[in-house]
Ligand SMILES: C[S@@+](CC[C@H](N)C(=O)[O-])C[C@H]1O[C@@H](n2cnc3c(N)ncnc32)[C@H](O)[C@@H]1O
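Just one chain follows, in the form predicted on its own, and it is written as structure tokens.
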Amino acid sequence: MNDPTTIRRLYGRRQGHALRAGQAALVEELLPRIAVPADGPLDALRLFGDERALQVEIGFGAGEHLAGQATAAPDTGFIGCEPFLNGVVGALGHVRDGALDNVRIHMGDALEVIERLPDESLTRVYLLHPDPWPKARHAKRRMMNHGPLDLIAAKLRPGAEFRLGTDDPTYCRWSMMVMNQRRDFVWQAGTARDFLERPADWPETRYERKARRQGHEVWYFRYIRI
């Protein structure tokens, strides 16, 4: 099995534009209350105070999808990981506006959180529009590599789901190649429509809307852990 720590990277810039006063207040006041603890083992009891199903979103952008899933499943615990400060602020706004008490945020590398969770503790993992690292020499930096996927597979329960979304053709082909080499996931696609049309329970993100405005196709992959 590959060592997931050999593929250790972040998924975006740390910060873009300067924060407004209200945004800074969210970071100072709300983030500490819902931040994933910085060290030690993690489980539902430590994160949410009870035993519940857990899901993880890797690189949640501005948090639209994370908030949509958390709203639809209030009894499930959602862990969102994003190193980009402005994205974290967006998610915090959704948490505040939706009064979502089932979301925890980690501003940093998702693998650092996932590896601290118990094996077979997750019911779903989301990887939506990750950085494609388009140059061939950078392919090892992609999240869709066997090291990170070994870790994700270990933390997903049998029958749990891994979801991938991308609008990058190179990343799409790469991901299909990598997943075809694995025997611990089964692709849930019977026809082309199954990965060309966004499932009803897959909230749209601004990245998808932007991709479609630019004339890009978007691909939706659903894999079941076996």
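Computed from a prediction, not measured in an experiment: that's the story for all the values here. Heads up: residue numbers just count along the shown sequence, starting at 1.
The following text describes the form predicted together with the named molecule, which does not appear among the structures shown.
- Screening 117, 92, 128, 149 for any heavy atom within 4.5 Å of the named molecule in the predicted bound form leaves a single hit, 128.
- In short, of 92-100, 77-85, 117-125, 149-157 it is 77-85 that has heavy atoms within 4.5 Å of the named molecule in the predicted bound form.
- The named molecule is not shown here, and in the predicted bound form it never comes within 4.5 Å of any heavy atom of residue 216.
- Interface residue remark: residue 64 is counted as part of the site for the named molecule in the predicted bound form, having a heavy atom within 4.5 Å.
- In the predicted bound form, the named molecule sits within 4.5 Å of a heavy atom of residue 143.
- Taking non-hydrogen atoms only, residue 58 approaches the named molecule to within 4.5 angstroms in the predicted bound form.
- In sequence order, 108, 109, 110 are the residues of 102-120 having a heavy atom within 4.5 Å of the named molecule in the predicted bound form; the partner itself is omitted from this view.
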